[in-house]
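Encoded as structure tokens, the following chain is the form predicted on its own, with no partner shown.
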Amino acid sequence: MNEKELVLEVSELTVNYGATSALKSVDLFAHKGEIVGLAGPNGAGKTTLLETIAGFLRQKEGDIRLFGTQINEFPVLKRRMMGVVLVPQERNNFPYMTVSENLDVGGIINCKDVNKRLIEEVYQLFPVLHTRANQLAGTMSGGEQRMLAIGIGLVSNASILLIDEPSTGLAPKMVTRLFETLGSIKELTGKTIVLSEQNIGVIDIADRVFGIEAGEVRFCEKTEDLDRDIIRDLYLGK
């Protein structure tokens, strides 16, 4: 499979909340094995965009294509079966189940051998989850729970991970560690990641950044062409 294969293509996407336009003719694309960053302030429309791609919200206008197939009318489960997995900002786990049990549930549609292999890959990427395999998810730190949420997405055998604001509320060292692991996921698995963020560190791991403000895409640039200071001042935090 060509590494430059177009995995996701969003065209002229418009989403309304009542009479208010949350997204206005948004275009977005992501190739296989890329990390695509969505930069923008609170309320810019980043979460709305991810939730619409995953099928939790319906667009008023526009197209969403996965590997060239239009998925506009597909329900969440069908998109999930095709490999579209959303990791929401809020902790996405079962707090009264162990880490191991959470990962098993994440791969519930996989065959046993595939599930075992994917869980082992998650433990390699997040060694702390391996050491906490028998611990209740709800008793772990916020950063560890964020890692588990991403691990659940990986075990689901996603083709594209949509990750919403993973660094929110984390200590700076944990943010650095999390971003490094997301970079490792890209390198080791070849998965496509679309990542909404307000932390400037996203520029260090993303291949391309879309700047979103007031529901519109203001720019799309490869990260090597971005002025870090300008992007931080306009869209991101320190």
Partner chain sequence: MNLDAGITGIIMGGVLSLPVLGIAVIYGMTGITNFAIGTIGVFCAFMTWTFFSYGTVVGILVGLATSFVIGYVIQWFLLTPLSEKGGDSTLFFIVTICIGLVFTGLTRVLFPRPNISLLLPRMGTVRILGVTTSGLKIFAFFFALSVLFLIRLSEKHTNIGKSWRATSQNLKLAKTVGIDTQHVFAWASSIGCMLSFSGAVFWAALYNVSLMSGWDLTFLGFIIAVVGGIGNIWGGMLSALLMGMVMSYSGHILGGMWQSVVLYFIVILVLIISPRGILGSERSL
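Positions refer to the first chain, counted from 1. Everything quoted here is computed from the prediction, not taken from an experiment. So that the term is clear: the rigid core is the largest set of C-alpha atoms that superpose within 1.5 Å between two forms.
Below, we turn to the form predicted in complex with its partner chain, even though it does not appear here.
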property	result
Partner-contacting position among M97, M82, L125, A133 - heavy atom within 4.5 Å of its partner chain in the predicted complex	M97
Every residue of E5, I71 and E73 near its partner chain in the predicted complex, heavy atom within 4.5 Å	no
Any non-hydrogen atom of F67 within 4.5 angstroms of its partner chain in the predicted complex	no
Contact test in the predicted complex: F56 vs its partner chain, heavy atoms, 4.5 Å	yes
4.5 angstroms heavy atom contact with its partner chain in the predicted complex for E121	no
Non-hydrogen atom contact N92 with its partner chain in the predicted complex at 4.5 angstroms	yes
Its partner chain in the predicted complex - contacting residues of 102-137, heavy atom within 4.5 Å	D104, V105, G106, I108, I109
Threshold 2 Å Cα movement between the shown form and the other one at G138, rigid core reference	yes
